[in-house]
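Coming up is one lone chain in structure tokens, specifically the form predicted alone.
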Amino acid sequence: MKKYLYIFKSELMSNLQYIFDISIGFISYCILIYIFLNLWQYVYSDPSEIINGYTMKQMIWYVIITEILWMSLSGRKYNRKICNDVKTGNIAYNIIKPYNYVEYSLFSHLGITTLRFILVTILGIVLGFIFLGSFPELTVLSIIGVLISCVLATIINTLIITSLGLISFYIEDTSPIYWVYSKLILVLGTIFPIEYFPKIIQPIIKYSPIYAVSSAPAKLFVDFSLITFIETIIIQIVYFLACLGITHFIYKKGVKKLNVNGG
């Protein structure tokens, strides 16, 4: 574990030199939040109106948090990196090194993701306060709970994208698969909370990985409860273990295929 923590720390420290460049990339985040602000202001004719259990301020904070989780991940770039490692054969060099490629990729990417998360969170909080003038009701317990949930959501999401990239062992390009996944996250986990969907599909969304990596942390932020927190953490732990196992399975099968074909 120490070597992976060192990889995480090294990636984090190396990217500290590019804080300005990383921050410039969040211009699109500001534009998105402004668009959603106007959208929900149009939907809510009365700011105090409650639609599907959410006030206008809660909806905007919900979008702010889900976009923080997605923007900080930089999933498209990471998926492309995994695909290129497989297609160019670079992954073969990692096989002989004294670490597992899956854990190496996970901790390396979490290094840059952590820095991006901190920066975009600061930006999101500032924007939210400027646009809305207040925060949801927060306590020390709720803040800690939301942070734990965000960490687990980011790890799970990273593992899912890693597994999608590793499918390159079997098909030429996994970009279409990632594109579908990103759009599912956008529609089912970012723009609308689970309560906005028909009741018949709400349970499907709630127990899907989309809820674990996007909706759940945002819901905790805007309407925290201990019961929801415990339920969320259980779901996230289950998905973490499942995604870790699936990612390792795909990787081991891919390496075996690579060895059989002679690299």
Partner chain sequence: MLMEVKSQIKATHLSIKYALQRELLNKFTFISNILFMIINNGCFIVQWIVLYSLKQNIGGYSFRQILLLWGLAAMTYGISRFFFKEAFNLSDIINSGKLDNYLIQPKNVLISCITSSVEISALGDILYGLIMLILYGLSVKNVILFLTCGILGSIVLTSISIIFSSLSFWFGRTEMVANTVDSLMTNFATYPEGIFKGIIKIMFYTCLPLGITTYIPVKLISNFSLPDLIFIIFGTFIFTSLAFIIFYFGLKRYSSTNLMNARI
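Numbering follows the first chain given and starts at 1. All figures in this text were calculated on a predicted structure; none of them were measured in a lab.
What comes next is about the form predicted together with its partner chain, which is not displayed.
By the criterion of a heavy atom within 4.5 Å, I24 is counted among the residues contacting its partner chain in the predicted bound form. Contact annotation: N38 falls within 4.5 Å of its partner chain in the predicted bound form, judged by heavy atom distances. When contacts are judged by a 4.5 Å heavy atom cut-off, M56 does not count as touching its partner chain in the predicted bound form. Of the heavy atoms in F192, some are within 4.5 Å of its partner chain in the predicted bound form. Figure note: of the listed segments 175 to 183, 113 to 121, 98 to 106, 138 to 146, the one touching its partner chain in the predicted bound form, with heavy atoms no more than 4.5 Å away, is 175 to 183. Using a 4.5 angstroms heavy atom cutoff to its partner chain in the predicted bound form, all of S28, N52 and V187 count as contacting. Note on the partner interface in the predicted bound form: the residue among I237, L226, I204, V43 having a heavy atom within 4.5 angstroms of its partner chain is V43. Taking a 4.5 Å heavy atom cutoff to its partner chain in the predicted bound form, none of the residues in 202 to 241 make contact.
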